[in-house]
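In the block that follows, a single chain appears as structure tokens, in the form predicted on its own.
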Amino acid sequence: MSRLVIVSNRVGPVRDSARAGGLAVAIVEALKESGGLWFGWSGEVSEDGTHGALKTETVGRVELATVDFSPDDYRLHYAGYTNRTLWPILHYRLDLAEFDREMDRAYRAVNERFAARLFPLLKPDDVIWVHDYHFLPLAATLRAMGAEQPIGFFLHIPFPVPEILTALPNHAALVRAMMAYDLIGFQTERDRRSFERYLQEEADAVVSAEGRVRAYGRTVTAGAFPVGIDAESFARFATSADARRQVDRLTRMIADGLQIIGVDRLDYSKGLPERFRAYAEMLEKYPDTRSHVSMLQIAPPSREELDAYIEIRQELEQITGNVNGRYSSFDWVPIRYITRGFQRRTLAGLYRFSRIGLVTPLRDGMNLVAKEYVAAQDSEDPGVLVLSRFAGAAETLDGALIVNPFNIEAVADTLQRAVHMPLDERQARWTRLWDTVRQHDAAAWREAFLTSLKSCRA
């Protein structure tokens, strides 16, 4: 059996994979099955950076190998090009993207140094699986060093239409480097089509009916592989002791009221200000919801050094203050806004208690919160998933109420519909959702991608 080599920006937990998210669970299980190497950034910053000592650890059949970033790598590559340039571009936010040659050069240099540290660790029969936008050009450097192994790439966030991507300086060189992979996986068919259309328009690519794309003298397979969660495990979390404690606590707090829940990183792609305004619009337009329907938003901060994130946090605090000041009563607070994270078992209990799961990103690769909310529900009395059409999950979760997060009034109307949805409709919708989430879980995603990658070289 071939050894699996995983490359990702962060190297996740191996010993306690049940506590990790869908990606980490899928990766860990694949590594445990075949034995393998997980390579990436250590999460540490040191003066030696990628030139420093390789940090290694072995857990069972899994070897972990990590390197540090230097202060300049962190500033220019991680906090710079990946988060100030690629992240906004890939999320359709040209207005927030920063174009800087020094950051561009640092991104490419870090990829070259990661490849140089990884290459000596490789074995001839390895299968290499690279993850996410931090490493778009990694395979091209490995190929230049002589790597002949199958190399696949999976993009966890959206791939934009050509009209957006071509605003990126050196976009052609970046996409050309991606053609060094054998298989490129996307979350949705929409993202796959955007990639193919870019190559057709910018490189006169030939696309076959089987998803084979030929451009720049190479042929790559492009496919959609929607990420799943560890569905059965998460469903068990929802009935754990930790989860029951949360349900009991919320039941005492809210009594006969209903709760809407949102769980997101604090990021401009998640549509949080629009979400808060839609909830406020529901309270204004439908007075029967006041003192009855509350909203809990959990939003741990991320990338706090960027101005865009400072501004969104201030905006959310202002909206929360205005809504709570206008509608609160002695025994009811409309919005509870929490900026710290929770363990997955705790979140499962919060999801299970909440009548409505509100997942309304302005643009998202998949959004696993939507699937976790479904998995946590009580089949006898399930909640309602309200889902943005711009989340990758909307492509397959047809039992959700699909909304346009930019249409504040329509989202408010949909929330009102969800509040009053009869039990039989909630059960029917949840059954369709659960069937999809359970069948297309993390294991199915992993197997589909790796099977396709190996077939590329068959």
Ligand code: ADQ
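What you are looking at is a predicted structure, and each value in this text was computed from that prediction instead of being measured. Numbering starts at 1 and follows the sequence shown.
Just so you know, the form predicted in complex with this ligand exists too; it's not on screen, but the next bit is about it.
- Contact with this ligand in the model of the complex holds for all three of 270, 340 and 366, each having a heavy atom within 4.5 Å.
- The candidate stretches are 237-245, 260-268, 212-220, 98-106, and the one lying within 4.5 Å of this ligand in the model of the complex by heavy atoms is 260-268.
- By the criterion of a heavy atom within 4.5 Å, residue 187 is counted among the residues contacting this ligand in the model of the complex.
- Contact annotation: residue 230 falls outside 4.5 Å of this ligand in the model of the complex, judged by heavy atom distances.
- The closest heavy atom approach of residue 300 to this ligand in the model of the complex falls within 4.5 Å.
- The shortest heavy atom separation between residue 87 and this ligand in the model of the complex is within 4.5 Å.
- Note on contacts: among 143, 75, 156, 290, the single residue with a heavy atom within 4.5 Å of this ligand in the model of the complex is 156.
- Of the residues given (113, 176, 192, 344), 344 alone sits with a heavy atom within 4.5 Å of this ligand in the model of the complex.
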